[in-house]
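So this first bit is one chain, no partners, the form predicted on its own, shown in structure tokens.
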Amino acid sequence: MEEKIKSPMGFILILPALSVLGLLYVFPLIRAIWSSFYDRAGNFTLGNYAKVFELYTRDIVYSVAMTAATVGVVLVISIAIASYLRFRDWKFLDYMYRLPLFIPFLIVGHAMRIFLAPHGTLNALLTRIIGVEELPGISGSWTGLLFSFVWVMTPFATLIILGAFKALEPAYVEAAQNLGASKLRIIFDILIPLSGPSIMVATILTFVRTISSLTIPLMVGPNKPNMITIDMMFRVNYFNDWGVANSLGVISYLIVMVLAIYYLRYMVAERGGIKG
């Protein structure tokens, strides 16, 4: 039997998307990696990476720690909201948790800087509730930055996890309820394990969006240490040093790649377990 000739129509249909991906992502990525190994005179060097680790090691560790903390808190809150909405229909909560999805990061940064300031909205409410005349603000600190990240990242993760919870076969939950399992037991023994791939996707997307954020750390975070994105902006705006800036970008790519490789290995193991 002659082998059927595959139609090129499928490739033609995805060619515009591939072209945009290559132009806006692949080409800049390759160029950034390439230029990270050259100095301003065009000479090949590892000096850019040496300068990164000399000046910004603390910022790299801080960026990873802040991102990991954000992911951890976001997952706890997202799973809690998704679990509640899986069992109960509360329209107010269903609408309110999605609100930050429609607010740009620039607006979030400005709003949080005012909300968390020493004389901001949060402290004004707290002073009336607990009767303390003056409270320190958390704007410009790591706690304020963590609060802002969690507030803006939680809706996206919740949307993914809630969709996974509701997509599960109801028979699993009904069978557990018939056997007398509590809702907490159902959440930890059924909903979370069976929604593992979706929770992993929410984890990776939250991690990537957090570590690549610029406006929120710039407006709410502390002066020192800084997130990697602020260091990149600083090298370009004040020194026109694209080599070091691109080296910082490559390091952030490698950090994200570790999580992406773990996700791919997890998905391969999941599919292998299903087939087995």
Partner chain sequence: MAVLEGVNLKKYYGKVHALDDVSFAIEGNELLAVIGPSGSGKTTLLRSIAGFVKLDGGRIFLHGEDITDLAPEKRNVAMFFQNYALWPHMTVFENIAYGLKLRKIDKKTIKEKVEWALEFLGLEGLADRKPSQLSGGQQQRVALARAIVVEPKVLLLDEPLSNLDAKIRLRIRFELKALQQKLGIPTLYVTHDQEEALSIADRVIVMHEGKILQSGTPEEIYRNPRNLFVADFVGMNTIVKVPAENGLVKVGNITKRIENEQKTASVVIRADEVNIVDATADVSTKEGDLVLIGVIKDRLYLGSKYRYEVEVEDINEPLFVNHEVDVAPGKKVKMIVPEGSYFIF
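Residue numbers count along the first chain shown, from 1. This one's a predicted model, so the numbers in the text were calculated from it and none came from an experiment.
Just so you know, the form predicted in complex with the partner chain exists too; it's not on screen, but the next bit is about it.
- Highlighted residues E174, A181 and R185: every one comes within 4.5 Å of the partner chain in the predicted bound form, counting any heavy atom.
- Residue contact check for L194: one or more of its heavy atoms lie within 4.5 Å of the partner chain in the predicted bound form.
- A residue is said to contact a partner when one of its heavy atoms sits within 4.5 Å of a partner heavy atom; A80 fails this definition for the partner chain in the predicted bound form, lying far away.
- With a 4.5 Å cutoff on heavy atoms, V73 does not count as touching the partner chain in the predicted bound form; it lies far away.
- For I190, a non-hydrogen atom is located within 4.5 Å of the partner chain in the predicted bound form, even though that partner is not displayed.
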